[in-house]
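The chain below stands alone and is given in structure tokens; this is the form predicted alone.
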Amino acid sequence: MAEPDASAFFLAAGLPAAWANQSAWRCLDTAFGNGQQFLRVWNAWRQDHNHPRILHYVGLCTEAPQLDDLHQAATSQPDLSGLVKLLVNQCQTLGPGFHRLSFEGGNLLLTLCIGDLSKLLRQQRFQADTLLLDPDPAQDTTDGRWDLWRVKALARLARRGSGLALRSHTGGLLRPILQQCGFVLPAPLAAERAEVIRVEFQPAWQLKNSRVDAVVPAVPVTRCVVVGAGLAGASVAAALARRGWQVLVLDKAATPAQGASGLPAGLVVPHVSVDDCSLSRLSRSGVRMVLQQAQALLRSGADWDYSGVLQRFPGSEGDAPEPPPLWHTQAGWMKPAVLVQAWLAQPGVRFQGDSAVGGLKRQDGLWQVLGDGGQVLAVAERVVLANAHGVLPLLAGDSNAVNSSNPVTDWPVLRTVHGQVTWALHADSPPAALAALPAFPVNGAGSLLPHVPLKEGMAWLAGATYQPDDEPEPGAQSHHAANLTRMARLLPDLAAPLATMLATSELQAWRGSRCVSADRLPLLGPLTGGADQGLWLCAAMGSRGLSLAVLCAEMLAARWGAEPLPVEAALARSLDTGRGRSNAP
């Protein structure tokens, strides 16, 4: 019996008419296959003048899409060949887990989820507007792929009125289960397997939202104030502005990126751990996402470079032999201040410098952001604090900023860690040092960026040191020595040339302070409990702001908009502001 063609599920879902004039639309495809359904939805979104501002498409698959299969989709749908090329470019090196791919300037987001169907469904936290049940003909529902528990997990992701497109044959097989889970089916169903129908989620009972992991409905898109114009704040501002928010970014400095985000250049590279810990998994997702932003917004070779990074694991003397190096293809270097400026230049974002925030006040359902003298700097429905180590002093000085049942003293400790980067121009470096520089960045015991174009000329950068706030300051020369010692372990051929530079005045220093949490993971989530969660925190990126800022910003925007999360729900919880507290909101 003939299978439905690629347009059957799309038409049965009522698209594109169903999404007309909506601010966002969320599709869940339970069998991504070769991406034909995604490509058709993408193409329709492109051509529709009434399309939603943001289109989310979540595709579930047991294994990563094969590039040959994606190319085959172009053969079967020649009019979509251009889109196929864009998709293939981002589908490299995908392993198990969630992968957020960005298209159309961040307005079309594909989240590819690879793994077991049941586990993938349980790790979703969003409300789907359109659901596609096994549009890939390679899946067969008769083998028990869809049982009661999986359909229940699917229903948990539907809102009242969500449409589910499926084969009429499948609908007949699953009618009792679908009805039990709240889906209303037409009667009678056609017997032909090729026919695709639409059923609607309209449970006869009142939906409850009492579960801890329940999807929170989207909040209205209005105004937001972001405090802090570094990587954390600027990335949040850009993510919200793409969704229609009007965002004002305040900073005590006159210009953006005057804190740790003012680093001349930094590595964008995943964290590596033996147990593949939360930081490693988060950083892999974050690196992919920030590289997508760089490709869209920055100048390759001048502001960033998709160079790849060599990871080495040098041990101290007497240790076991060094493990073999690891090559990161999805990695490179980037100038964070340039990225911050690009984000703040996005439509819907406004920057206001020389605006030190001294307090917060909740009045008439709005947040007033107050200056040092008590003057009102801004008023908005929502506020995001992204001012690093300035967060706790701000909250501690204003009892109205947090719910009285959640005192600031219960929050995880935020610490300030100072650091210094050692750098020098190639023109000021001895020939032996230049000859020993690798062609690409190296990470391990410290890091080396060998070729970075600065306004002064081509330079190399090494570092950075870690100086806790409560320890004595050792001085610039000691920081230089520490950085060069690590470089000698990382790249022994550089040891002698760099040692000669330590005694000269050619070494330059850049100093900054990082904000870190007790477990070295960012803090992301509401600072207020109950129904009013209008005050949020996005901070403590540590030395990984380039790797984690975009991920955190997209996660915040997803939680506000009831959108798909860019990572698994369990992994997202590792960033929650309430972790480690006895009375988290």
Ligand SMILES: Cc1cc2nc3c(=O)[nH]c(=O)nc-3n(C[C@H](O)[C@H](O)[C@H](O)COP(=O)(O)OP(=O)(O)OC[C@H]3O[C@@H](n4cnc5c(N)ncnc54)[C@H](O)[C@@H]3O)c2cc1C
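These numbers come from a predicted model, not from an experiment. The numbering used is simple: start at 1 and walk along the sequence shown.
Beyond the structure shown, there is the form predicted together with the ligand, which is absent from this document and is the topic of what follows.
Undergrad: Is there any non-hydrogen atom of Arg544 lying within 4.5 Å of the ligand in the predicted bound form?
TA: Looking in the predicted bound form, residue contacts with the ligand include Arg544, since a heavy atom lies within 4.5 Å.
Undergrad: State yes or no: in the predicted bound form, is some non-hydrogen atom of Ser513 no more than 4.5 angstroms from a non-hydrogen atom of the ligand?
TA: Ser513: yes, in contact with the ligand in the predicted bound form.
Undergrad: Using the partner position in the predicted bound form, report whether Ala356 sits within 4.5 Å of the ligand, counting heavy atoms only.
TA: Judged by the heavy-atom cut-off of 4.5 Å, Ala356 is in contact with the ligand in the predicted bound form.
Undergrad: Taking any heavy atom pair closer than or equal to 4.5 Å as contact, tell me whether Asp129 reaches the ligand in the predicted bound form.
TA: Asp129 lies outside the contact set for the ligand.
Undergrad: Looking in the predicted bound form, is the ligand within 4.5 Å of a heavy atom from each of Gly230, Asp251 and Ser261?
TA: The answer is yes: all three residues contact the partner (heavy atom, 4.5 Å cut-off).
Undergrad: Counting non-hydrogen atoms within 4.5 angstroms of the ligand in the predicted bound form, say which of Ala464, Leu110, Ala165, Ala239 makes the cut.
TA: Looking at the other structure, the residue within range turns out to be Ala464.
Undergrad: Just give me the single entry in Leu339, Val247, Leu87, Ala388 that has a non-hydrogen atom within 4.5 angstroms of the ligand in the predicted bound form.
TA: None of the others qualify; the residue that does is Ala388.
Undergrad: Within 4.5 Å of the ligand in the predicted bound form, counting heavy atoms only, one of 176-184, 100-108, 78-86, 266-274 shows up; tell me which.
TA: That would be stretch 266-274.
Undergrad: Going by heavy atoms, what in 415-447 lies within 4.5 angstroms of the ligand in the predicted bound form?
TA: Residues within 4.5 Å: Gly419, Gln420, Val421.
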